[in-house]
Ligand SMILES: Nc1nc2c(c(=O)[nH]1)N[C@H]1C(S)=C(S)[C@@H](COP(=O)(O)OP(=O)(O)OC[C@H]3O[C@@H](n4cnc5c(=O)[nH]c(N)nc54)[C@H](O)[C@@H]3O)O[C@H]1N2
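What follows is one chain in structure tokens, specifically the form predicted on its own.
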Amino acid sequence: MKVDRRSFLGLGLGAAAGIAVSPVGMKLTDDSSIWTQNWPWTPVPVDGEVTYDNSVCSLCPGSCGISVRKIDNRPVKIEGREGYPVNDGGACLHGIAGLQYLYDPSRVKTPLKKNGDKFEEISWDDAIAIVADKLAEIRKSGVPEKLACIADKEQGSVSGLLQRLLKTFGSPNFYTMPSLESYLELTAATLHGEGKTISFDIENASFILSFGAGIIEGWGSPVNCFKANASRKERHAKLYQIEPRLSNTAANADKWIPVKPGTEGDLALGICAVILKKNLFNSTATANFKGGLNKFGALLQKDYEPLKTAEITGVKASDIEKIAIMFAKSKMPVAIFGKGRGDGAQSLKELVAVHTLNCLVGNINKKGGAFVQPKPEYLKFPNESMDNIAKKGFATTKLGPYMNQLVNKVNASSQPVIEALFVHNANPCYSLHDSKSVKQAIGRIPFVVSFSSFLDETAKEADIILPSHTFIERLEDVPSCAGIARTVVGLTKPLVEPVFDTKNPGDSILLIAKALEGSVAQNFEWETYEECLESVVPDIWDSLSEEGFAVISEGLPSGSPGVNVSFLAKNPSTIQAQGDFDLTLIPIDNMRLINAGVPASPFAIKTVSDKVLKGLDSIVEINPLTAKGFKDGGYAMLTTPKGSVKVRVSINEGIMPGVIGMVEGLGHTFDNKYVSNKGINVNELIGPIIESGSGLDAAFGIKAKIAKA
């Protein structure tokens, strides 16, 4: 029987993934029973030479090194790469399932142009010409600032090219999606000054105090965290997990500390108050504090003494004192922040309060503590030349610091505040809170260009799609952006010829810039993205090209950074959930699902528990005390200020009374029968809450009610 490439890859991946992840759940046994009855019809791959190629997975910020097994130059299996500084041979289920993205049903196979409500195929030449002509019109009208871009991250050369294009075009409106790395940098800027970031040495810490960070739910670099957590017993290290729900991380911790949703920052300040009152702080470290330390200390003793903090958070005053004493007296304590994966809505008050604990005990830039150091600067783009149009446009005020401000201003204006939008490797119409409002904003922008590999929720709103290679097909630098204790830049390599008529997004950007001609084109001298990449990473190119990665920083950072507590000394308000209902709905991160970037693979969806997705229905977790009158597994109507949906109920003692939880990463609506139309996108039910003083969306959840369906 002849085996085509598609069948071969599907077979190879299924077998590999089934072995690599254990347990995978009962759903896979259903497939297994079918396969055993159909062996005569199962395609068998032909024999061939076995080879291995090294690359990097870019499906999440973990940026793990991978080794791809090939037979006759066809990839059949992805494994973790031994010796890679981030994951050292480990791989998560998303990484090992990466080959499924090559033939994903929702892949965009060729450039597309929207014609009415449908897309039609066009050539690359025509697509680039349409984009360039539209941008030229905007520049000619003297409003270059009306071009905006949404990218997945700020780091990396492709993002650098997009920022360069916007700057030389004349727009300051470059945005990135929320990410753990952006929160690390914002926290560092608030406490230590601009240009720095924070990482955590959890591999060596003796006591990890986690404020909701899902260490085994995908926080940071998942495999790195898995390994660090697995070694805790050998190191006799403690993990205390603070969150409203008994997550896998909480269940694996030495102690779970239930806390009222949204009060984690208050609890951190309460612990700070005990440390100061009992003189458990490091006097050498606090000598570096400035910005109103006395005022900050007085605030803590007045508003965050244990009894008041207990009333706010639901954590006993005696437990607050015990945690503070244990944390301060531990040899190598570290407090980590970022609820769930760390890439959702976060409060700056909470982020800064948690990291202040590290500063108080003096475990900054020490083994097992928090590392504060300059952001890695390995890219060396040449200086830009800007004409008067670009200078004038780039000098205008950015529409807002974060995505939510952009969305609000687009929706509030009767005239287009943005004429054209680029979207690269991001899906804001799915991933951001109040996703319906985000979709409305994208729809109000006259011209949208997507660089997506997939026809996802945001790409469907585009006017032109310039499809990108998947990470299996393209060359790109991939910096680690996940708060781990070393900074590594990896190199994805094209392991197969492009399956469809797609391009490296770096090449697409170069083509657009050159088509614009004039001063914009002059800033893009490279003929290809590969040529560009080699030229902008001169110090590490040899290591990237030969080893597949370069270590930018490792070991203990030098110096002891100053600490400015002026933000906390102003006593920022605690965010309250939106609405007047009695319950609080919180989103739940699940390691088997992805909420940002690409959707989960068909294999990953197949491993999701019936306690998360039952058939096509999302499950809502609810405590028995809250669930009176409900039957486990029964249907209910869940209502928030943003809408109502039909769900199933799972009665679970591991979630606090008055709190209900729904998993993120479900409810996709694009054309993929394996992952779409399964469950509900919880982001449709939660609205953003903008934190005063930071501008962040800090909505940890939303008020809700639940009734029998």
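Worth saying up front: this structure is predicted, and the values here are computed from it rather than measured. One-based numbering along the sequence shown.
Missing here is the form predicted together with the ligand; even so, the following discussion is about that form.
- Of the candidate stretches 177-185, 550-558, 492-500, 193-201, only 177-185 has residues with heavy atoms within 4.5 Å of the ligand in the model of the complex.
- Note on contacts: among N425, S106, T168, S601, the single residue with a heavy atom within 4.5 Å of the ligand in the model of the complex is N425.
- Proximity to the ligand in the model of the complex, defined as a heavy atom within 4.5 Å, singles out one entry of S480, S468, T309, S347, which is S468.
- Although the partner is absent from the chain shown here, none of C149, G160 and G393 has a heavy atom within 4.5 Å of the ligand in the model of the complex.
- Put simply, H433 is close to the ligand in the model of the complex: some heavy atom of it is within 4.5 Å.
- Taking the partner from the other structure, the ligand in the model of the complex has no heavy atom within 4.5 Å of any heavy atom of G369.
- Interface membership of N590, defined by any non-hydrogen atom within 4.5 Å of the ligand in the model of the complex, is confirmed.
- Contact annotation for A596: at least one heavy atom lies within 4.5 Å of the ligand in the model of the complex.
- If you take 671-709 and check each residue for a heavy atom within 4.5 Å of the ligand in the model of the complex, you get N683, F700, in sequence order.
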